[in-house]
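A single chain, nothing else alongside it, follows as structure tokens in the form predicted on its own.
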């Protein structure tokens, strides 16, 4: 009888290895800031499949509990590369020349689970069941200006109400949001699927909606101009290995079946096990929280412009920040949604 796990991992490795070229003998360390979410899956796959190592890189993962601290750590040099959500704080730092977006991570696309809007048990029992019910309620996010705040803003626009009618409560980290929700300290929360899925399964939260009805570029890979200037070759090799990780992630998880839902592909079970190991979630929870990301790590560039403008409209990003200044599009070919 064949070893199914080995076969699936082998298939995943073959898909990934086919995308990697230019391996080197010398080893160079790169510190990478990520969150323990399924959206970090391409980084976890690239690490466990040896894709970074094949590029002569010793990738050292540093885990954070919210996106903004990753941006701060990248500016300070505590990490060399961040791969996580885009925030108002990120854009303020990048607008001052401290950070550059170089590739894509997760994005919202219909049919995939990335960000969930959930109600606490108490609020759901009192009738909080729809996005339109949120005005007048308290909703938890990690931070004001976080990707979750922006996601709620898009949903408010789509459903025809002013986000100012929702009381936004910043809890500083995903675990704090989860605790507040379980304790009914808040009525609702906007959280990543990796955190939402077990809450829904346990009955500690009720799903109001997935945010996939509002497609946008939620997360990205970014670094400092210093890293680009002084270690460009290492960064290029990191991007190549990361793209091999996104290709493997896409092949394993993102193909849609006839019913419009994602279907498992080559290496899916092995990939789920890898992501579960890094996130500390069960394989079942990870399976139910796989987001979309471009197989080549290409950005929706126009959406970066839209995000900056929205944050500026909310007075969360300095009015002088030019969206073009936060991008370095030279590491990945054929980015998407390029402004005319």
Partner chain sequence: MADTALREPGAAVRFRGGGFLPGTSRLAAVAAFVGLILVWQAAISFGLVSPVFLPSPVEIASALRDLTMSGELWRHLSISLVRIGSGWALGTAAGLCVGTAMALFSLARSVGLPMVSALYPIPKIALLPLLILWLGIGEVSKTATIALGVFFPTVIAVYSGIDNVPRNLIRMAQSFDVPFRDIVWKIALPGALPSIMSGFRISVSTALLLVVAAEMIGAESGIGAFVLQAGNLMQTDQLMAGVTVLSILGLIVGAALSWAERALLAWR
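Here the rigid core means the biggest group of C-alpha atoms that line up within 1.5 Å when the two forms are laid on top of each other. Residue numbers count along the first chain shown, from 1. The model shown is predicted, which means the values in this text are computed figures rather than measured ones.
Heads up, the form predicted together with the partner chain isn't pictured, but that's what we're talking about next.
Proximity to the partner chain in the predicted bound form holds for none of 325, 330 and 339, with the criterion being a heavy atom within 4.5 Å. Here the chain stands alone, but in the predicted bound form its contact with the partner chain, taken as any heavy atom within 4.5 Å, falls in 95 to 103 among 95 to 103, 237 to 245, 211 to 219, 252 to 260. In the predicted bound form, residue 88 approaches the partner chain with a heavy atom inside 4.5 Å.
A residue is said to contact a partner when one of its heavy atoms sits within 4.5 Å of a partner heavy atom; residue 153 fails this definition for the partner chain in the predicted bound form, lying far away. When the partner chain is considered in the predicted bound form, residue 289 lies well away from it, no heavy atom lying within 4.5 Å. Contact check for residue 186: a non-hydrogen atom falls within 4.5 Å of the partner chain in the predicted bound form. Among 198, 175, 265, 135, the residue placing a heavy atom within 4.5 Å of the partner chain in the predicted bound form is 175.
Screening 163, 131, 72, 228 for any heavy atom within 4.5 Å of the partner chain in the predicted bound form leaves a single hit, 72. Annotation for 136 to 151: interface residues with the partner chain in the predicted bound form are 143, 144, 145 [heavy atom within 4.5 Å]. Residue 269 shows a C-alpha shift below 2 Å between the shown form and the other one [criterion: core-superposed Cα displacement of 2 Å].
Core-superposed comparison between the shown form and the other one: the CA of residue 218 stays below a 2 Å shift. Once you line up the core between the shown form and the other one, the Cα of residue 86 stays within less than 2 Å of where it was.
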